[in-house]
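In the block that follows, a single chain appears as structure tokens, in the form predicted alone.
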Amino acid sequence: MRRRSCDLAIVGGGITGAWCLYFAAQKFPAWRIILLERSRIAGGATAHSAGVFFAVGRSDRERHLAGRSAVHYAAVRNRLTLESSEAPAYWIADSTALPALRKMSVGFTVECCQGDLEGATDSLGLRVVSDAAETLFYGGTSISMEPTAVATALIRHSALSSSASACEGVGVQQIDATAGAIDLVLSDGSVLTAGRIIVAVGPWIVNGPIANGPIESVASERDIRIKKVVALHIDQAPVSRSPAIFLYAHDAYLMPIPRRKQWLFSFRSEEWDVKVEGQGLTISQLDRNLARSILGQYFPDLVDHCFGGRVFCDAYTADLEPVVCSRDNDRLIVVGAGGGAGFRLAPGLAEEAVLRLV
């Protein structure tokens, strides 16, 4: 049996695994670090992500993670010359929602726009129809990036600047912890012995190839479930400085993507316990009907422009708090369960995971 060894193995080549590699290579430049991806780098949940970053959070911890992520995304956008676009952020919400909006925002202040909502067409660049009880608020900037490009750039930079490396097409079939190290049994029949391991496998944390032993215990303790995530594309080019518009009551948002000459409409699906791979992960007629009904309440001119979209799934904990769990005296760390915010919180989660390494 072929064997190789490393100081740190990172399992999962999506956006979170890429950030883990980036931070670990900086913190431990002398370590031999190997990232393992069973398929293609950034080809799983990351490839289907909307790629939208906005510094908001539902809880104190999520706001902390969003704030750290804002710092790191700003740094790598310049350092790695990542393509991105920015949009001023607006909310449509009940007139009493201002305290809640201000609480969830990180690094910016939310203010109330003057005038009624239907008079905001010039500000938004879209015709708005809404209930008179709702108000238009503004504050902050939403950023759109290509998740696969970000993950690939992080991994490439880490491999060039340290002894780190990334291997595609190598799955982990089993994890065996011993007294002094951890053996990873790989899909090619070889064994990788690692001093430490970070598992960042996204929705594959449940029913994935290594969803047993310590991984299974994390999923069970945090009551992790898998939920469908859907975003439709709207085949209409945004105008210059088109804003991102968040529909607070519906947990939905409309994001301009100028480089694709379209808008992205993300909304909350309630299809739970879906399989990570298979025929169920398609945009259903139920998804389209729900999206069209929400759009019709606010932006009726966009309803007939829905064309295609992205669909996948993510892991959610019972309390909606993302996971960074240690096992075996911090030699094994599980990170993920972003609850649909994996791209947005990935830098903060990865930083937290790497700081636990001993």
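Position 1 is the first residue in the sequence shown; the rest follow in order. Note that the coordinates shown come from a computational prediction; the quantities given were computed from them, not determined experimentally.
A second form of this protein, the form predicted in complex with a small molecule, is not displayed here; the remarks below concern that form.
- Looking at 29 to 37, 57 to 65, 287 to 295, 320 to 328, the stretch with residues near the small molecule in the model of the complex, meaning non-hydrogen atoms within 4.5 angstroms, turns out to be 29 to 37.
- By the criterion of a heavy atom within 4.5 Å, residue 224 is excluded from the residues contacting the small molecule in the model of the complex.
- A residue is said to contact a partner when one of its heavy atoms sits within 4.5 Å of a partner heavy atom; residue 21 fails this definition for the small molecule in the model of the complex, lying far away.
- Residue contact with the small molecule in the model of the complex: residue 299 places no heavy atom within 4.5 Å of it.
- In the model of the complex, residue 171 approaches the small molecule with a heavy atom inside 4.5 Å.
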